[in-house]
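Below, in structure tokens: the form predicted alone, a single chain.
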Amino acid sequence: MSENLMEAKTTSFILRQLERVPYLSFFAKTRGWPFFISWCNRIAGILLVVWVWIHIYFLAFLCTPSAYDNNMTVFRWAIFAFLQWLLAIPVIFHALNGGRLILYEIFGKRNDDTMLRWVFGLSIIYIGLVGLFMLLGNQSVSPFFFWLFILVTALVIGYGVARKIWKSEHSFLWKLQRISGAFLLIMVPAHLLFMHLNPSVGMEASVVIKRMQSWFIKAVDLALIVAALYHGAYGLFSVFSEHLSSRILRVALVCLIAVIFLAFAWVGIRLTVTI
């Protein structure tokens, strides 16, 4: 009972603080928190799509290790280190809130208040851990064992969602979007955490290339690239198509998104396979 009371007080405190933020309080009071959280999830998703594009763009410089090292020096600046830490906020929020939506939509878990408390609580813990590892900068972990555990966990969760929805009447593309979301729920936060366990993992071309030459890491990276790009493409179409009534414009949007994402998929997959 005391734990439930503490959770309720914590949630109430968080909401009171958020309600003091200009504009945010207006939408929360006029449209409700579900509306606000829904749009936060969409905005976080768009930010993560841009992050994936930027990530693939910079990884393409691995073809010329010296160029990659020169570009990565920018991210050692304090301002960019701070921005990298801020990236943990949309990453974990989108992942956990996506997990909440899967539980709500697919598994019929309707206790939104409890799930939102978990989303807020776990997000704060994750953001704190990322910040701690970035400040320490001297941690290390075996890439093989780290990603073996993460990949197995992500596949189990993805399989559970696939088994639940596979015979439903939804479209095949919708099913893939939900399955990829369940897979990325684990993979994307783990990727960001792994990159900050040891700064050299992402900052030094020689370390990145050595890690990516492992057949297992190649498989992990390929799965992450394909799932992230597909999930992002479907998400962008879902967000923007809601505001298009014309069928011609919707078809044009599909073509534009497909071209952009296929181009990034080609760069990412080709780099992963050939490096």
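Not measured: the values here are computed from a predicted model. Numbers follow the displayed sequence, beginning with 1.
Beyond the structure shown, there is the form predicted in complex with a small molecule, which is absent from this document and is the topic of what follows.
Engineer: Please state whether every one of the three residues I54, S123 and A258 places a non-hydrogen atom within 4.5 angstroms of the small molecule in the predicted complex.
Structural biologist: No.
Engineer: With the cut-off set at 4.5 Å between non-hydrogen atoms, does A154 touch the small molecule in the predicted complex?
Structural biologist: No, A154 sits far enough from the small molecule in the predicted complex that none of its heavy atoms falls within 4.5 Å.
Engineer: Can you tell me whether V239 touches the small molecule? I mean in the predicted complex, with a 4.5 angstroms heavy atom cut-off.
Structural biologist: Taking the distances in the predicted complex, the answer for V239 is yes, it comes within 4.5 Å of the small molecule.
Engineer: Verify the contact flag for A162: yes if a non-hydrogen atom of it lies within 4.5 Å of a non-hydrogen atom of the small molecule in the predicted complex, no if not.
Structural biologist: Contact with the small molecule, no.
Engineer: Should G98 be counted as a contact of the small molecule in the predicted complex, where contact means heavy atoms within 4.5 Å?
Structural biologist: G98 belongs to the contact set for the small molecule.
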